[in-house]
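One chain follows as structure tokens, the form predicted on its own.
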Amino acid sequence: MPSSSILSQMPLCCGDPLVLRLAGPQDAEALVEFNTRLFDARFTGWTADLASGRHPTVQAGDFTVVVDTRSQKIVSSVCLISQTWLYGGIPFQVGRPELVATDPDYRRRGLVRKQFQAIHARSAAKGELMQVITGVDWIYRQFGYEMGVKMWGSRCVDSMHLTRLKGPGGCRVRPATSDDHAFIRNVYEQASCRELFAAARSSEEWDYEFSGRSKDNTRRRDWLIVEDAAGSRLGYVQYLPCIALSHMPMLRIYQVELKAGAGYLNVWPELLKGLWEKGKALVADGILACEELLGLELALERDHPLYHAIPKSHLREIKASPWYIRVPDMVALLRRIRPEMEKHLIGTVAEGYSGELKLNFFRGGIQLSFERGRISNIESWNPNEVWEGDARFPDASFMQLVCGWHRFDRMAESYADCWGTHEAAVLLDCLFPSYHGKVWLLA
């Protein structure tokens, strides 16, 4: 069934006695009970905030549910969290499927597949050009997703290094107050301008991040201000006020951003020392549920400047999970980000390029036309033979290049059926530069 038509056919029978429909406000309590039972208590507050309408972009109708009409109980559900991303400052809409769950007694009936059809249709109706998801390895590939970017590039600093830290006393950390919110927004937005991909926040979304989530919502983040000895603000820290992984009790740091002119090399010892003291205080107050804190987990972007300031001997890398990304209409996405793609050519060997680039995806393709460094046209192209075109990409692997995860040579090594002419390989690497950042998704 085409995803564009599934919404108009709801409620949809999924085999007697199961019915798929969009949720409503009356389902909020049942959704909380279902996700708490299928996952655990860490999902209770998060589900409640999403289903209650408290969230700035999610209503109960952004959940799909499969209901057993005999018991009137929810047996499967998925949620869509809408948000805005930026590509080189160009905004585009993104949908994040989340809370994907099915009661064990009802699995292997295609219930998640049908709900993803509905979620994708709802996302398309909102004008969203991309969907992103994380979770179980591989599973979302069958719904058109491909690995796109790493979630973050975590490094750990173990307690043995933190207890030995000494610094000149040039900075300290303190809890952020409402008076600091405008400063945090400004520093974040300035940092986002330097990234290829970033997430934008509306005023309502910022208010939600600062104070809108429930106390027990494990997607809630708390904030610290980094200031110098005179009390002037240098930057901010965002951290998770609970233990992320019970087997690895560490204080997880999600963001560290300093304002322009404040260098990480001077402040890193006192900064880490302050975060370590903060973590131990949270344990003592019972906020971090562990007997002993083992260190700090810096869940920052893969090439964060703090990693370059801290001695390598102090850092222990953790393998990062990927985001799975789906782009249902690559032509539409490329047209949206065309101005930034043209900027990427400036200063490269492809500056001023004229010609055509035909990309063969085997079941379809895209043709780009260039005139003196400007992209004059982007349109669908259907190759007649598998060998046609200037470059070939299997499945959805082209997304890895668009997202800046791999360069063309790396992709050609990883995929035996990925190929391109020398000119196409150079041009593609110029159009889509490497990206080592991290997108702060709306949750």
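Note that the structure is predicted; figures quoted are calculated from it, not measured. Numbering starts at 1 and runs along the sequence shown.
Keep in mind that the form predicted in complex with a small molecule is not shown, yet the notes after this line are about it.
Is Gly110 one of the residues lying within 4.5 Å of the small molecule in the model of the complex, judged by heavy atom distances?
Flag for Gly110 set to yes.
Just to confirm, Trp138 within 4.5 Å of the small molecule in the model of the complex by heavy atoms?
Answer yes; at least one heavy atom of Trp138 falls within 4.5 Å of the small molecule in the model of the complex.
Would Thr134 count as touching the small molecule in the model of the complex under a 4.5 Å heavy atom rule?
Flag for Thr134 set to yes.
Is Val100 close enough to touch the small molecule in the model of the complex, meaning at least one heavy atom pair within 4.5 Å?
Judged by the heavy-atom cut-off of 4.5 Å, Val100 is in contact with the small molecule in the model of the complex.
Though the small molecule is not shown, can you say which of Trp206, Phe143, Trp223, Phe92 has a heavy atom within 4.5 Å of it in the model of the complex?
None of the other options qualify; the answer is Phe143.
Options 100-108, 173-181, 79-87, 353-361; stretch whose heavy atom lies within 4.5 Å of the small molecule in the model of the complex:
Within 4.5 Å of the partner lies stretch 100-108.
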